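This document opens with one chain alone, in structure tokens, the form predicted alone.
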């Protein structure tokens, strides 16, 4: 059995950020990666996907974008190259092709069983991310077998889909992007819309992420929110990264011919039922967007920048069909494929330590798991609003590396 002080499970942006901070603190450690650096970006993303954050916002500890297009959006190959370059910049101790099968406690140490043997360490950082398994509703099991089912983790491009119409369930960032791409391929799309966060790509000459960064909205922390459970479950913003810096929303999709319906209530065979609350949901999304833009305008006035920026142009309200479908026979509508864009959840099937709650969620306080020497990174609102962004994991990793370092010093003194 091999021994080291700390094991980091996962070599994506979160794991690499933690490795960089541990390296700076001279903490002996290894990163165990089931595939290669940035494995999820290589194997679990659709072909045309670009990052939703501008290039300038891809900031990791000691590493930042320095190319000619700071306001552009990285493709997946570019993102993989970025992470590889980052790992090489400080010689991150990555062990590729090592899949963790089981994590257990052995006294004060942890045992990590893998396909390449066992390791023993005093501390462990779980950096496998929050998007390991597609969250599919129970109604998927009652869908007729002759209708194809695809998840956002298995979708790659429209050519893999059957001819005919497509029902996409979920209208957050993933759902709206897939709706746009698949509708453009000639397959008619119906989009089932639940709670969502409407956004604009640019406002008054700047990217919306620039405004959120400048106003400190992405740095909102645990002590700044009243309902942490709610904010950790908020959907992603309706954004798309394109060279034209275009916005995407339900209006632009309807202009393409996408049909929108309410939240999916259930499916029995080929009969789908949708909520009648579509108008209310869209009005709430419009209200929240207008509140964000109003906050930006207020900041501009306080800074005395009103005359140096383009005039404010707010988006038009979301258009709602006069009589949205509440029931739909998928076969009669020509729909041969259902795509579940209903979110993701982490995979802790290999975790043999009693730190999960009754819903299978990891019990932690800002990334400090309910077991001595065990940490987690990369979950929604782990410590800050930006915790799942490449730009956010660095700050979280810095805080947790300091906590881990203190913990190791304490157990070393006791020993």
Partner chain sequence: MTNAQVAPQRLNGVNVDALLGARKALESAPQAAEFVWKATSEWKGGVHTGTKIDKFFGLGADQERSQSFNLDTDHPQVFAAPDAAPTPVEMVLAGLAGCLTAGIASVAENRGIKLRSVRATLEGEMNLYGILGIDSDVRNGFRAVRVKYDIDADADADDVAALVAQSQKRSAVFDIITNPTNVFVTVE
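Numbering follows the first chain given and starts at 1. Since the structure is predicted, the reported quantities are computational estimates derived from the model, not experimental observations.
The form predicted together with its partner chain exists for this protein as well; it is not shown, and the discussion that follows is about that form.
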query: Interface membership of residue 156, its partner chain in the predicted bound form, 4.5 Å heavy atom rule; finding: no
query: Touches its partner chain in the predicted bound form: residue 283 (any heavy atom, 4.5 Å); finding: yes
query: Non-hydrogen atom contact residue 96 with its partner chain in the predicted bound form at 4.5 angstroms; finding: no
query: Partner proximity in the predicted bound form: residue 291 to its partner chain, non-hydrogen atom cutoff 4.5 Å; finding: yes
query: Contact at 195, 227 and 277 by its partner chain in the predicted bound form, all three, heavy atom at most 4.5 Å; finding: yes
query: Answer range among 304-312, 140-148, 267-275, 120-128 for contact with its partner chain, defined in the predicted bound form as heavy atoms within 4.5 Å; finding: 267-275
query: Heavy atom within 4.5 Å of its partner chain in the predicted bound form - the one residue of 300, 215, 184, 287 that qualifies; finding: 287
query: Position in contact with its partner chain when the complex is considered in the predicted bound form, options 231, 220, 246, 326, heavy atoms within 4.5 Å; finding: 326
